[in-house]
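This document starts with two versions of one protein chain, written out as structure tokens and named structure 1 and structure 2.
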Structure 1
Amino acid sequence: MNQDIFVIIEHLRGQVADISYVMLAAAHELAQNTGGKVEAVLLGQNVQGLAGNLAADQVLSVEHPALADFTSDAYIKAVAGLTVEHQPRAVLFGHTSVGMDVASGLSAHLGLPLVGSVRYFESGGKFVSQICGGKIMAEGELPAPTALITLVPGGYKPEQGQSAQPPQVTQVAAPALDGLRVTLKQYIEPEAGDVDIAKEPLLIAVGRGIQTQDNISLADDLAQALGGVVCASRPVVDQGWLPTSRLVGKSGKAVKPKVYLAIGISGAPEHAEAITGSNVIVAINTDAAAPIFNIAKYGTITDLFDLVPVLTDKVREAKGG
């Protein structure tokens, strides 16, 4: 049985997603237990240039016009062909809208077991998966012969999946990709907002725990005192309390500030994925089991309504204002 580990690389508009590097780091740890190689699978058109810093033993590049932009139909057919031909020990996908779409479809198409929300691998190849919103960790043996896996961020850092030495790239012929049910007609860029949160060095992020729109003023005051910018998780933007330009997450923006202060944010995978590039993550959440604490360097379970006003006052005092 093949013991290699396949990693399905996510990329968009010429940029490799951080979750791809996280998966490569996880794949190397898993491959140490299986004795196989790490094979990065790069789907697209004219995308071989994205392979330069992938920490893989080999890159399998599958190019076809139907793969130029992501559609689940095309990706499932392409990955299915590779999986059947090579029969790897495991295939890693990001626990993202793209990864979950492809992994679930592939599982149904090929009848392969799917292990979701894996955070990291232990010695011996056991997986550790976070369930119930990240509040419970479950572990187990990878099912055979080929396990499909979706990986959540937090267990590995993106830089662990990057390499200064370009990997070997092997061109692989694409399978027949005709008769696709879904095609991409247009890619719509989001409208420019008042600020570009992806470029801000200090972000004050608010989540569902802020409770009401009026309470966002607490974050505004702290941001002004610190010289930062307020952003938000999906529930806050969905309520219309902040514009979509301030949305952090898979459907918003990935951010890499020096400091990311998460106030009342639980840390769902689609949000966590977008903030793992932050130098320092600080979390304020009364739920001690909130998954945000899994990726935060500092955290407190103090009630945000007690802490944030005091913190704002202390910052102003320290600045002499």
Structure 2
Amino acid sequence: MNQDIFVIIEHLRGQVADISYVMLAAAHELAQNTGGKVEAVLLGQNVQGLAGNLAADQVLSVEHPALADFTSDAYIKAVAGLTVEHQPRAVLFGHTSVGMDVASGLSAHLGLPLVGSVRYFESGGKFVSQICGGKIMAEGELPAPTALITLVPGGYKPEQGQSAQPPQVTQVAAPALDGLRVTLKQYIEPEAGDVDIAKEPLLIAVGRGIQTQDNISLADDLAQALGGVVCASRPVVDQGWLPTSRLVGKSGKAVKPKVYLAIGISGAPEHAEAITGSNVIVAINTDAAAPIFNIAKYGTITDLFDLVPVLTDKVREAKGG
């Protein structure tokens, strides 16, 4: 057994997912306690190119045609092989539709302990998991010998897991990957047509404070810059400025994005009830007493017409730079 921390890099169609960087950041925090190294594990076919900015002491690259596309079957076998061979102190997976499929299966497969929904590690090396919709945190010692971890975003910033220095990449032979029972048939692109705001992770919501149809473009610009989607309170939809599919609230949709940016929305109960599932609500409103501030995590009493254009520019800058 050693004290290294393995991070199973999550990537999809040639792109490393953000959660991978978050995991690397977490892994560094943990490695400081264990005194081991951070090793990124890159499973796939022709994926060395993805190693570029991973902040890891080493990248273990496992290439095999069966790993070209994600299936839990092949991934479990591949990670099991590495884990048994290297016996790291912990293996980190994203708490995502990829990582969750693998981590639990591996735990049963190898009889190793698993901690789910970890948000961060404490300086003493304890894990802190976030459960019950974020209402409860659970803390405990990292189980031995090898702890399998699924990590939720929010505890670390992705930049912390990026590095300008390309890491050292070591090719590792894949274990035998036969007898696989899950195979990919095809990918289906998300349907065109209007977006489903209930599923969007970043929503720019506008209310009556936006005043006119023309001003909707302010929100559009911001959404485009941020990569989010515009939605609205009822007065805006009633005016026909946005289609009903974008209505948030009692008569529209309930949403649960990572970030809900409410611009010129008062936060009436019929609206508020549908956004409480959001991870973080940020409110821009000129009225200090607007109820939206009671449910928002961040708020600002600023005129949207002053703020939004500046914000859009700065977002563009941040993205461009």
Ligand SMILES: Cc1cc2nc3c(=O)[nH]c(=O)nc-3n(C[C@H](O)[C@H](O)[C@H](O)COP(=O)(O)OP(=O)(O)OC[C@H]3O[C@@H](n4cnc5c(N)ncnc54)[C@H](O)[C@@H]3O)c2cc1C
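Residue indices: 1-based, along structure 1. As the structure is a prediction and not an experimental result, all values here were calculated from the model. Rigid core here is just the name for the largest C-alpha set that superposes within 1.5 Å across the two forms.
K.L.:
Look at both copies of the chain and name the one that is the form predicted alone.
P.N.:
Here the form predicted alone corresponds to structure 1.
K.L.:
Once everything's superposed on the core, is H28 shifted 2 Å or more at the Cα between the two structures?
P.N.:
No, its C-alpha moves less than 2 Å.
K.L.:
Is it true that L180 shifts between the two structures by 2 Å or more at the Cα, once the core is aligned?
P.N.:
No, the C-alpha position differs by under 2 Å between the two structures.
K.L.:
By the 2 angstroms cut-off, has the C-alpha of V237 moved between the two structures once the rigid core is superposed?
P.N.:
Result for V237: yes, a 2 Å-plus shift.
K.L.:
Keeping the rigid core superposed, can you check how far the CA atom of V310 moves between the two structures, in angstrom?
P.N.:
So the C-alpha of this residue moves 21.4 Å.
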